[in-house]
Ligand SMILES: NC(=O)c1ccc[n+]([C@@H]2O[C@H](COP(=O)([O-])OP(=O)(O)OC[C@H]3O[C@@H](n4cnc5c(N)ncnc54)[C@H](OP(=O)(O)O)[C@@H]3O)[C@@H](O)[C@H]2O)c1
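The data below hold one chain only, encoded as structure tokens and taken in the form predicted alone.
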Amino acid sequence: MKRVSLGGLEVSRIGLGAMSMSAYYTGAGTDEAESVRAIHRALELGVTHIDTAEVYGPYTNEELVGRAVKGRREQVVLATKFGGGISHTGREGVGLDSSPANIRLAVEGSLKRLGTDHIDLYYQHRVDPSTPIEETVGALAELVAEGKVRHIGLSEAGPETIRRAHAVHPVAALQTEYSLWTRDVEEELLPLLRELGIGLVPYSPLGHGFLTGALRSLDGLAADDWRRGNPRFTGENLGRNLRIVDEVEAVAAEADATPAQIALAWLLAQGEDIAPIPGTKRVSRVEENSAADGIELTAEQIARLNDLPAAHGDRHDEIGMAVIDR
């Protein structure tokens, strides 16, 4: 597995998002033994970058990751997040609490659940409009000085927030959605990140499973699967968006690869400062996704993928869209 740098933090070119092992997706939390095996297999294949968050579960995903990396901590770049729906200070509302007091409480909980004395990459999960970003990053800088955090990151932050944060303490990475059906980042965010020397960690690089070609209807999704409320999976949008998958499948057949591998290979072709974290809870998918590191698309194939139509529907529901890019 090749390595790339996220603002000075070396990670595997392809990482592993652990969220679906514990929350939000069909089958989450039903086979933790397989999830642990998936993490172990990822490490065997050279994946070093494991991503989680306190809100996944909540808490249970960090505990799962902690159990899986026990005795293997030196092999792992552990990334987790605070302030994405949980307030430890009693703040009411949506839990977007990035106050210094909350950060102090959150980091201790994450360290304990992960079974470690330091977090390699600690993200603000969503921007807290009630706390100036300078105060949040100042608190994170103190954790870096104390050795509890090695690098800091932001998730779904807007350009002005990123600039202000980076002026207080270097930001290693921005995490946001980026894939063949979510390319908003290319217009303003990606040039800014490259100007500042910040790496990009695309989450949902496979379009929440849609770009794998395995999901052509909602019939197999559990009643509480969050995709049932996602605009891109509902109404007429689902059928319209299948045109994107059809073209990805066509390129995959030509390249003797899977649609998931093509979607990841396209992302990797966008730059050496991009490290996607496809999520899965299965060993077979870890093996499939990791193999994308060895796929080199032709210029013609990249051009075909670049010309794919834009996805129909917002990437989150109304509540989700309200807390991003600010």
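Heads up: residue numbers just count along the shown sequence, starting at 1. As the structure is a prediction and not an experimental result, all values here were calculated from the model.
Keep in mind the form predicted together with the ligand is missing from the figure; the text below concerns it.
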Practice problem: Please determine, with the chain shown alone, which of 291-299, 66-74, 272-280, 37-45 has non-hydrogen atoms within 4.5 Å of the ligand in the model of the complex. | Solution: 272-280
Self-check item: in the model of the complex, the one of 169, 91, 227, 118 near the ligand [non-hydrogen atom within 4.5 angstroms]
Solution: 227
Quiz item: Heavy atom within 4.5 Å of the ligand in the model of the complex: which of 125, 151, 113, 232?
Solution: 125
Quiz item: Is there a heavy atom of residue 103 lying 4.5 Å or less from a heavy atom of the ligand in the model of the complex?
Solution: no
Quiz item: Is there a heavy atom of residue 268 no more than 4.5 Å from a heavy atom of the ligand in the model of the complex?
Solution: no
Quiz item: Taking heavy atoms only, is residue 12 within 4.5 angstroms of the ligand in the model of the complex?
Solution: no
Quiz item: Looking in the model of the complex, any heavy atom of residue 311 within 4.5 Å of the ligand?
Solution: no
Practice problem: Just give me the residues of 200-226, first to last, that have a heavy atom within 4.5 Å of the ligand in the model of the complex. | Solution: 203, 204, 205, 206, 207, 208, 209, 212, 214
